[in-house]
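So this first bit is one chain, no partners, the form predicted alone, shown in structure tokens.
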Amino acid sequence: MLTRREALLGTAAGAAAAALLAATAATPALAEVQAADISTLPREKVTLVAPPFVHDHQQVATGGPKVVEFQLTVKEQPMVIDDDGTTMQAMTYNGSIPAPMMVVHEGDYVELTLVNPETNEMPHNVDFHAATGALGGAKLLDVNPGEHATIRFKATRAGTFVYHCAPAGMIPWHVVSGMSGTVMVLPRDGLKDEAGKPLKYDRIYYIGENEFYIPRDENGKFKKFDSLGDSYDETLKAMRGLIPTHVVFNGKVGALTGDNAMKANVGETVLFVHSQANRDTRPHIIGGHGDHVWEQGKFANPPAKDLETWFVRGGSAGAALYTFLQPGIYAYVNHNLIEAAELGATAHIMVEGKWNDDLMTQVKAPAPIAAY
């Protein structure tokens, strides 16, 4: 009899993977030429950092294409997702929700090693929306617990792109349990405005939006499970209801507020990259704007200007530039305000600097109506 783990693992490599590998083997001469060319390129090994931060990178590329090496390690772990202690059996890359952002330039090669420790229960892989090829390379990265694999793909299109786990038969569960991130492919000569003039940012923040589906007990309380496998059946039923219990930024209600709020100074230009691997969302900076916005995340397209709210489609990432002109605490929200206020999709940006009365001032303080 199959154990729960064996039943959930299923087959690690199916017919699609075999066909894909066979197709690769059928053109050895081409593969050898490509390998020989790539072997002459410089290589850069990048240490990823947890969101909302992004690893050091150049906004304008220097020199020609290179191979940029990344590593993701799968961590299946319980994670607290709100201030009430609600715990989800999460699946993550590198232990964070969302997974880290990877930054390269157009024409570079992304070389990703995926490690699945033997202590995990599930098979995992990565589907790169930035990649060109069947299933975003997912079948080439199928790894069972105790295995690792490496894939390389060329970054042929500039923009912000989602990546996520996509194991056969279990894709939605893995994605809504935390397994998604973003690759940003910058143009080699950097970002440009609608007239082709250079745009630069002083800071960059990555906001990953997720919706969670936590099963409830007969009293309406959120349930806690001992293991990932134990959570599967009831989580799947909750998912099929299509009503999330939490909609959060960076893995937890309040993850980007208080001491963890994003920071900026008056006069600084900030690039906000926002992803949602599963549902549509509508980012909005309360008190600010999107000076230049790539709603679809594609830097080859001219950015929209002066947006109050922008639309990020499910399964994609968008980018917005804003130069802060006033100090204060700005709320960065999903402008489905029910999801922002009631389910958790709110972050804060703490901006330091000098107040400009010309932009906003209080003409008269609150007073009794009779005094008016």
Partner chain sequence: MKARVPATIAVIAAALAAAASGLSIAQHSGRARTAARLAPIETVTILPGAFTFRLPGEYLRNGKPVDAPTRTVSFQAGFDVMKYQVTAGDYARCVVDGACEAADGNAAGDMPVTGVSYRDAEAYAAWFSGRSGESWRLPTDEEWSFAAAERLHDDALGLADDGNPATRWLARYRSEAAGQAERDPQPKPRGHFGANSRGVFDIAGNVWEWTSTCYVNATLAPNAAVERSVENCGVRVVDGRHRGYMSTFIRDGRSGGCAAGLAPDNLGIRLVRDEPALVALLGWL
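All figures in this text were calculated on a predicted structure; none of them were measured in a lab. Residue numbers count along the first chain shown, from 1.
The same protein has a further form, the form predicted together with its partner chain, not shown here; the description that follows concerns it.
For the marked spot (K221, N260 and P368), a heavy atom within 4.5 Å of its partner chain in the model of the complex is present in each of the three residues. Only one of 164 to 172, 189 to 197, 80 to 88, 128 to 136 lies within 4.5 Å of its partner chain in the model of the complex by heavy atoms, and it is 80 to 88. Between the options V68, A331, L48, L321, the residue in contact with its partner chain in the model of the complex by a heavy atom within 4.5 angstroms is A331. T346 belongs to the set of residues with a heavy atom inside 4.5 Å of its partner chain in the model of the complex. Among heavy atoms of E342, some come within 4.5 Å of its partner chain in the model of the complex.
Interface membership of P327, defined by any non-hydrogen atom within 4.5 Å of its partner chain in the model of the complex, is confirmed.
Although the partner is absent here, I286 sits close enough that one of its heavy atoms falls within 4.5 Å of its partner chain in the model of the complex. Applying a 4.5 Å heavy atom cutoff to its partner chain in the model of the complex picks out A341, E342, T346, H348, M350, V351, E352, G353, K354, W355 from 335 to 358, in order along the sequence.
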